[in-house]
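In the block that follows, a single chain appears as structure tokens, in the form predicted alone.
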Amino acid sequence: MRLFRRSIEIILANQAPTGAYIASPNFPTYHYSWFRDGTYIAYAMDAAGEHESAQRFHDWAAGIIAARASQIRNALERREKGERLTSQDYLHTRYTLDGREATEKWPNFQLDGFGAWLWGASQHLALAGLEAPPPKWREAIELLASYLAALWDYPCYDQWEEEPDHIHIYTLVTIYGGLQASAKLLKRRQWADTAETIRSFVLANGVIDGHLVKDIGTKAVDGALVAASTPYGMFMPDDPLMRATAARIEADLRKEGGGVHRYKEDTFYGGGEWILLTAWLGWYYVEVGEPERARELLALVEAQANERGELPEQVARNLNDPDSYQPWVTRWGPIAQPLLWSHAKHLILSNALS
């Protein structure tokens, strides 16, 4: 309970007046707000009863999208005409706290964060007891759902900001969840139909040996694949496909008594154990009715907090590639701590268990 309260304190202390959540306050590369991180942080705050904080983030996010309406409409027009889209057509993935695009070179074409936001906005309305989205939100949802429905089958960077030439199952899962949520909110049947097309595509192309895979054309798993059920609902948690996916994650991405790695070949800071993925697997176990396994993972997460109650992005333990750890420290500094996304997943798992 102490870390639960501390997680809320850390998130509130690192929410800008604009509503944006900084990814990490003392890790220069993360001095921005991502739709991906921010959506999970806002959902965690909603789950903890901090609805005003979540509302301010969603207001900020909706403003980002609404301000880029002409860019989105232009991308949709070019897509409809069959023209090739360029980097100028794509929405950026991260923004300054006052809503500007970051100027440094970055892998910006990422779709998963926008699918997550559509889902998260819907969750906020439900958890905060709001009947309908505000007008600015409606505009942003309309724009963004149309954008994702048009571009869902484009290769793009994944949630780890890698592999731009692949189609990623996690990305498709978030788009599915976002389109289904948007279809219900704005009564747009075509978005639900597109979501079902995505689900069929995943079943046809994203399953090997009975489990989901990281990318189309590979056999590997990714620690975030539990998102296909938890929370995006493409499949039920007890679906045999999800059971097999979770078992594959346990077998390939966890060493005995340890946390969850991103994927087998990960070398970022040596490829350690990620706090948010460990909590995410625990969240899945709650939903599938295995709370004892979830509590084990929660204890692992909580044990990684430092004396200030700050959770890191990852733990340099059971590294996939120890030789690649120090080069990242030299390049970007020590592992990010606190990472707000880690605290968010801790809050979500704690709340799910309680």
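Don't overthink the numbering: it's just position in the shown sequence, from 1. What you see is a predicted model; the values in this text were computed from it and never measured.
What comes next is about the form predicted in complex with a small molecule, which does not appear here.
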Single option in 268, 90, 235, 147 placed near the small molecule in the predicted complex, where near means a heavy atom within 4.5 Å: 268
Interface residue in the predicted complex among 34, 285, 43, 57, criterion: non-hydrogen atom within 4.5 angstroms of the small molecule: 34
Check, residue by residue, if 30, 159 and 341 all come within 4.5 Å of the small molecule in the predicted complex, counting heavy atoms only. yes
Could you tell me which of 137 to 145, 180 to 188, 160 to 168, 211 to 219 sits within 4.5 Å of the small molecule in the predicted complex, going by non-hydrogen atoms? 160 to 168
Counting only non-hydrogen atoms and a 4.5 angstroms cut-off, does residue 313 reach the small molecule in the predicted complex? yes
Would you classify residue 262 as touching the small molecule in the predicted complex, given a 4.5 Å non-hydrogen atom cut-off? yes
Answer for residue 23 alone: is it within 4.5 Å of the small molecule in the predicted complex, judged on heavy atom distances? yes
